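Only one chain comes next, encoded as structure tokens, the form predicted on its own.
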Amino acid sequence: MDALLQFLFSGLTVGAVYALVALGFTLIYNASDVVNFAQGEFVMLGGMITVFAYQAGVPLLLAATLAILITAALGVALNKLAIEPARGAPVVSLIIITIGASILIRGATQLIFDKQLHRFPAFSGDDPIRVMGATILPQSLWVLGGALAVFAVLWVFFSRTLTGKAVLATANNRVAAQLVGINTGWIMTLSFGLSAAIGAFAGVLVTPITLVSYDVGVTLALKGFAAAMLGGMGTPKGALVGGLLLGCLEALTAGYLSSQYKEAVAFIVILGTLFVMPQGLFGAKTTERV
């Protein structure tokens, strides 16, 4: 029982990170129907910029804030310089652009910083908290709390605000949204900026636990995409639940089978979701007249 609880604590911590990445995917998808595979690089940038700013003598809270703001600005730049010029192109082309942006960001980070693993101090120390024979790090609680807070903000944003509904309207029909007075260009810019900020926020929270380096974004993007698909692409609730489920599945697989199989879980989740329930756990079922 102690071992099971320990595996679940570990899975929930990692799953909360996947959920934050999936929430970033959800924001972009709801605005443009595009899957942004540079989302994992935003997580990496949040951690890397915070590390080097902190090492340069900037207070940790200010370093984290700067990292989130800089990464959000890069998200806006990605939209302005790469996505907007390709407006009207097929969705597949836009996805390929985001993959290219991911490669560019990873290479630039390697040149500007380095290839080493880095971390900064945990927010509440490293002394583990004992719960029923298992332990959990205080930083894990920060990660879980952060995921829940972002989910709550996005849920309110999409369901209770005019701007959030404008995002959904832009994704559903860009031309119709423009005809009713929605500034779709600003909506896209806002979505990319917020998505990048959410990714950087995840990087800030998880770096004291998992460490960060220039190449961690690829894996995080894959896991976040799997979580978003499992929960239902485009639904904040699905992103949160999908991320936590994926994290627990990975932890249980590593604990009871072998850590060698852990990395295969995301691929199995993607394939299983596509075959069994393409809309995901909470995605809306749609039908098209042919």
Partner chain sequence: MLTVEGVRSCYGRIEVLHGIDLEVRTGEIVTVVGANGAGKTTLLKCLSGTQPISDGTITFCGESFAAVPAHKRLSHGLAQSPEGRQIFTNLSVEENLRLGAFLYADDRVQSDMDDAFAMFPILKEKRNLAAGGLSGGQQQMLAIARALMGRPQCLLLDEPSMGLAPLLVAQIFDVVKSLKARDVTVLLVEQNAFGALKIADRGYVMETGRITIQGHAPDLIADPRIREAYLGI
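Numbering follows the first chain given and starts at 1. Heads up, when I say rigid core I mean the largest set of C-alphas that superpose within 1.5 Å between the two forms. Note that the structure is a prediction, hence the values are computed from the model and not measured.
The same protein also exists as the form predicted in complex with the partner chain; that form is not shown, yet it is the one meant from here on.
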Subject >> Interface stretch in the predicted bound form with the partner chain - options 145 to 153, 165 to 173, 130 to 138, 197 to 205, non-hydrogen atom within 4.5 Å >> reply: 165 to 173
**OP:** Decide whether Q116 counts as a contact residue for the partner chain in the predicted bound form under a heavy atom distance cut-off of 4.5 Å.
**Re:** no
Original post:
Are any of the heavy atoms in Q178 no more than 4.5 Å from a heavy atom of the partner chain in the predicted bound form?
Top reply: yes
Subject >> Exercise: N183 in contact with the partner chain in the predicted bound form, heavy atom 4.5 Å >> reply: yes
Original post:
Can we say the CA of F120 moves by at least 2 Å between the shown form and the other one when the core is superposed?
Top reply: no
Subject >> Flag for S159, CA shift 2 Å or larger between the shown form and the other one after aligning core >> reply: yes
